[in-house]
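As a starting point, one isolated chain is supplied in structure tokens, in the form predicted alone.
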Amino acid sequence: MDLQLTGKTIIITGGSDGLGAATAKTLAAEGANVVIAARGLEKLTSVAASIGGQALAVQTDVTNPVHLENLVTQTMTRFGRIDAIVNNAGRAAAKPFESITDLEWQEDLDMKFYAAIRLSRLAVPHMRAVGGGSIVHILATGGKTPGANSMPSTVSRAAGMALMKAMSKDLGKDNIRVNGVLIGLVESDQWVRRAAQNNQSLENLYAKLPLENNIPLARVGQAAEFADFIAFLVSTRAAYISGCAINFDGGMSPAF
């Protein structure tokens, strides 16, 4: 299937490793120009170099509005258009309610919620100028089914889900589609770090996680599978999909 992404320009935050980097490489392989944003310059430039001339690396702290403005400016200077953004920046933060400080709440919301608002707001006029586009918010299944000791992440992700739905209503008239992908257990650097901290092999950890979390497909998701799904979702092949919070979790979540 031709995803018709050749010549399109897509911004991916959190693009220096893990799911963001995998997505950037897949989109580039489909012919898109990719703009990858993250705080760590060394990893960022390495990913961009592995892709080649279709990639632009922009060192960005997504919690800083000035950095986001620079990200969009550099994108337009280099490629002259924005067709999609993937709001992927974020990290897990899960603690009991009473132990979370105001600062921790604010930091989580700034990275996972306000960053998506600000970047989307900056990109929408450029999408409108090319006749439409796609915005994908990367969320987590905990946004639908928050558990004990799961804050602030689950609350930020639930807010992101409401943002996605409301944006899809506002922007549909401009042919701008907005969706959310709620990930469960998928290959990423956080599991590499956890395996190292626990002095166990990554293979053993990936074998245990599906059993501990009752994943019906009995395995952890692959980064390449995630990237393929995002590529489809931002493409015109998904032209009638908008306002959806889609689980990417092997059937783990009890919520639709």
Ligand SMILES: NC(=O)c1ccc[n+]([C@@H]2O[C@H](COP(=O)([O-])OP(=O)(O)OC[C@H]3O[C@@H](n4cnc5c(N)ncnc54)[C@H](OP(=O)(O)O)[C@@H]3O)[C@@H](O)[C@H]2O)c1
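Please read all numbers here as calculations on a predicted model, not as lab measurements. One-based numbering along the sequence shown.
Not on display, but discussed next: the form predicted together with this ligand.
*Asks:* Could you tell me which one of 91, 81, 121, 169 places a heavy atom within 4.5 Å of this ligand in the predicted bound form?
*Replies:* Flagged contact: 91.
*Asks:* Considering non-hydrogen atoms and a 4.5 Å limit, which listed residue (152, 146, 132, 184) is close to this ligand in the predicted bound form?
*Replies:* None of the others qualify; the residue that does is 184.
*Asks:* Should residue 245 be classed as touching this ligand in the predicted bound form when contacts are defined as heavy atoms within 4.5 Å?
*Replies:* Although this ligand is absent here, residue 245 would stay clear of it in the predicted bound form, with no heavy atoms inside 4.5 Å.
*Asks:* Indicate whether this ligand has at least one heavy atom within 4.5 Å of a heavy atom of residue 111 in the predicted bound form.
*Replies:* Residue 111 belongs to the contact set for this ligand.
*Asks:* My question is simply whether residue 138 lines the interface with this ligand in the predicted bound form - judged by any non-hydrogen atom within 4.5 Å.
*Replies:* Flag for residue 138 set to yes.
*Asks:* Can residue 191 be called a contact residue for this ligand in the predicted bound form at 4.5 Å between heavy atoms?
*Replies:* Judged by the heavy-atom cut-off of 4.5 Å, residue 191 is in contact with this ligand in the predicted bound form.
*Asks:* Could you tell me which stretch in 161 to 169, 97 to 105, 124 to 132, 81 to 89 has residues with non-hydrogen atoms within 4.5 Å of this ligand in the predicted bound form?
*Replies:* Careful reading of the contacts points to 81 to 89.
*Asks:* At a 4.5 angstroms cut-off on non-hydrogen atoms, which residues of 230 to 256 are near this ligand in the predicted bound form? List them in order.
*Replies:* Sequence-ordered list is empty.
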